[in-house]
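Okay, here we've got a single chain as structure tokens, the form predicted alone, with questions on binding and movement later.
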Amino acid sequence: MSGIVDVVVVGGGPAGVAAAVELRRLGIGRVVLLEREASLGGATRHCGHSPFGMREFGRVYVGAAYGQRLDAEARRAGVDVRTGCSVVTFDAACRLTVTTPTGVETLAARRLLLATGAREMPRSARLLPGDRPVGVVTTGTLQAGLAFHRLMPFRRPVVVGSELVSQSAVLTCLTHGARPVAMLETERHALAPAPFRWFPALAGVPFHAGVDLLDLRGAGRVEAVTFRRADGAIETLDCDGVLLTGRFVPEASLARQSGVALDAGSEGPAIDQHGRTRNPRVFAGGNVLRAIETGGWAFREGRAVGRAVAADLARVVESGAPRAVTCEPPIKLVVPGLLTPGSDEPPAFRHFQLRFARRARGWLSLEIDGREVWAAERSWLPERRVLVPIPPAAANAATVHFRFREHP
């Protein structure tokens, strides 16, 4: 690899492909897309379910076919697609060190766009008690094993988690000869929205919310899980596996080790309304910003950030220094968490995206320079997307703050 390209996009999932295709559509000449796997599609490659692609392509795909369509779109647009390539690190000037099938090489770019997605928390990060037997896997591991090797690691698992991906995991089990013993959720209620949260009950899978996991037993492989129910009773379930679902975190290790500032709430790169990080040469989009949205959402977000990168390449006047958007508990995160003043470019993000850390009822308000410009009162559920329009005046304000007044 030699010379300077216009844009390097890291990550070949929906956001990365959409950004690269949009850059080419807008006339950006040399766009390189780096993907560490052998094919494009990101996590959708091993999702054996639909729907994908309805809004992007006007038809419904299952995950693997959706990944193939993304690959075809990128190549048709003239994107320089390089699979089997992992970025080890990059510097402030966007000089990248890349491992390729032929060795370690370097690549320089005028702009860099991070679209590295998100991942589920493994057992080691969840601090689960008990033994360390075989048979404890995440949804991604389960679906990849089925998609690429046709391997089902258990027949009677306990599913931990109740997010949207958890319902997908139950469906995957049921359609591949496994019947979950139960679904366990540590929160007081299911995290998936209706009607998806009703799926386990309709499928005959018992659901327990507000539980404490006490023990995981197994000499060679998983044999039983013990938990405390919300009413205080202790229950043990015989099983042959544990399926850990949800609790996604941004795949931001590359950004972190390369010196890109991360947002404390989202754990992804801190970005402004254009997807630009504190390094004005580096942008980010998709689920690396906050875990986790659907493939379609990531695609649309990647396309919008791609437009912003194209506009940035043509910009002559430098913008001002970004200012932080602040919030107070129990608000967990705000994306974008930065606002850059003095920019006349159309923003990639027209809404603030908020998440709450826990269930709360109260008054949420947006204040610009101390003046309330938006407010709503209701019950707010954890990990649910909350959208608040970004007022035009926000970018040039001295302070932008989300306040929360909780009802007793």
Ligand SMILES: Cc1cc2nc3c(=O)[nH]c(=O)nc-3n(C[C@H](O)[C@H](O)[C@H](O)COP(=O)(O)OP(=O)(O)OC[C@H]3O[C@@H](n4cnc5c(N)ncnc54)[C@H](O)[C@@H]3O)c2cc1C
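Since we're looking at a predicted model, the values are computed, not measured. Residue numbers run from 1 along the displayed sequence.
Just so it is clear, the following notes concern the form predicted in complex with the named molecule, a form of the same protein that is not shown.
Not displayed here, the named molecule is kept clear of Phe352 by more than 4.5 Å at the level of heavy atoms in the model of the complex. Interface membership of Val211, defined by any non-hydrogen atom within 4.5 Å of the named molecule in the model of the complex, is ruled out.
Interface residue remark: Gly140 is counted as part of the site for the named molecule in the model of the complex, having a heavy atom within 4.5 Å.
When the named molecule is considered in the model of the complex, Pro250 lies well away from it, no heavy atom lying within 4.5 Å.
For the options Leu366, Ala348, Cys47, Val31, the residue carrying a heavy atom within 4.5 angstroms of the named molecule in the model of the complex is Cys47. Contact annotation: of the candidates Thr116, Ser162, Ser266, Gln273, the single residue with a non-hydrogen atom within 4.5 angstroms of the named molecule in the model of the complex is Thr116. Residue heavy atoms within 4.5 Å of the named molecule in the model of the complex occur in exactly one stretch of 325-333, 291-299, 220-228, 194-202, and that stretch is 291-299. Of the residues in 81-99, those that come within 4.5 Å of the named molecule in the model of the complex through at least one heavy atom are, in sequence order, Cys85, Ser86, Val87.
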